[in-house]
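Heads up, the chain below is alone and in the form predicted alone; it's given as C-alpha cells.
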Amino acid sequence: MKAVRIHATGGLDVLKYEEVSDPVCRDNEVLVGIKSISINFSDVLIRRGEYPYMPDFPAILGSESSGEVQQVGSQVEHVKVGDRVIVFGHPSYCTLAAVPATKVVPFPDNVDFDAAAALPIIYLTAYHMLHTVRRVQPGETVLIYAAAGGVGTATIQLGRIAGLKMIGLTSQDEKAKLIKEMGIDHVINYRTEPVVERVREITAGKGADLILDCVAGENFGDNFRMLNTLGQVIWFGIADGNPTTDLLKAIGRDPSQSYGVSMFHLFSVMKNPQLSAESFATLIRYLAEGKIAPIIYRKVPLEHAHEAHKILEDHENTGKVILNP
C-alpha cells in the first residue's frame, strides 16, 4: 500500500510518500480501502513535534478517514464486506488500513466519502462542547474563535439546530462572507476590530454565555472580559500556544460573576463508548438528513500531503482539507 509517513519531526519536507507493507486483518479487525482522509491541525502539530501526544516513528499521520470494507475478521459482526465506514482514531494517511472493529462506524449510501471523513473530529468536538460540557440552552450566546475553520463551521451548523445566538471571530472578509451565509448572527474581524468591545456591544454589555477558544496563548485572559455572569470558557486548542494567563487571578478579579473554565479534548469522549456511540449516531443521522454538511475547502492527492499541511499552517482554509488516495 501507499502511505504518507514521518520519520522525524520538522517542516513540510518530512512528509514522505512511501510504499509500505499491506496490513494484515486480524480476528477483531476490519480491512478498509481508504477513499477519503480528513486532515486536522493536530496533524501539523505532530509533524512539527509540538503536540502533547506524539507517536513513535516512523509514523503514519492522521486519525479520521472513510472507505469501503474489504475484509472482516472472524470476531466482527457489525459490518460486512462492501460496507461504507468511517474510520476514527486510527492512522489514516494511507490507502489501506487494518482497523480494530471498535474504530469503524457504518454510514448510509446517501452520504459521500469526503463528508463522512470530515465528520468525526470537528462535529464530535463541537457537539460535546455544546451539549456535554456546557449543555447549552436555546437563546444563549456563543463566541466562536476561528469560526470559519473546521470546528467553527461545525459549531455554527449545530448551533443553529440548538437555537443559539452566535458570534464568530475571523480575519478575512472572504471567510466572514462564508460564515454569514451559513447563518451566523455576528462576525468580528479580529485583525481590524476591537474584539472585547465589539462582543460587549453586540451583547448589550452582558457578554457571551459560552466562549469556545482554540487559540489560547497570551491573550487568553481577554475571555474573562467578554463573559456573561455564570458564563463559561471552553479551551480546546493551542494555535497560539498554551494560555499564559493566571487563571485564579483572572477569575478572582470579580468572584460574583461565577465564571467557569473547562478544558476539552475529544479523547475524553472516546473513553466513554456509550456516549461516543450515541453522539456518533446523532451526527450521522443529521448528516444523512442534510441538517449538517461539512464544508470542504479543498481536495488534495495523498502524495501531495505537504500542500494540504501548508494550507492549514497558512490558515488559508475555510472548513476542511481532504486528502484523496
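Only a predicted model underlies this, so the values are computations on that prediction, with no experimental measurement involved. One rule holds for the numbers: they count along the sequence shown, beginning at 1.
One more form of this protein should be noted, the form predicted in complex with a small molecule, which is absent from this view; the next part is about it.
Visitor: Looking at 54-62, 260-268, 273-281, 286-294, which one sits within 4.5 Å of the small molecule in the predicted complex if you count heavy atoms only?
Guide: The contacting stretch here is 260-268.
Visitor: Kindly confirm or deny that Ser171, Lys175 and Ala239 each have some heavy atom within 4.5 angstroms of the small molecule in the predicted complex.
Guide: Heavy-atom distance to the small molecule in the predicted complex: all three under 4.5 Å.
Visitor: Considering non-hydrogen atoms and a 4.5 Å limit, does the small molecule approach Asn40 in the predicted complex?
Guide: Within the cut-off, so yes.
Visitor: Can you work out whether Phe113 and the small molecule are in contact in the predicted complex, taking contact to mean some heavy atom pair no more than 4.5 Å apart?
Guide: Contact check for Phe113: no, nothing within 4.5 Å of the small molecule in the predicted complex.
Visitor: Does the small molecule come within 4.5 Å of any heavy atom of Cys214 in the predicted complex?
Guide: Output for Cys214 is yes: heavy atoms within 4.5 Å of the small molecule.
Visitor: Would you please decide whether Leu158 lies within 4.5 angstroms of the small molecule in the predicted complex, comparing each non-hydrogen atom pair?
Guide: Answer no; every heavy atom of Leu158 is more than 4.5 Å from the small molecule in the predicted complex.
Visitor: Which of these residues, Val199, Ile121, Leu210, Val105, gets a heavy atom within 4.5 Å of the small molecule in the predicted complex?
Guide: Of the candidates Val199, Ile121, Leu210, Val105, Ile121 is the one lying within 4.5 Å of the small molecule in the predicted complex.
Visitor: Between Ile184, Leu164, Val151, Ile86, only one gets a heavy atom within 4.5 angstroms of the small molecule in the predicted complex; which residue is that?
Guide: Answer to the contact question: Val151.
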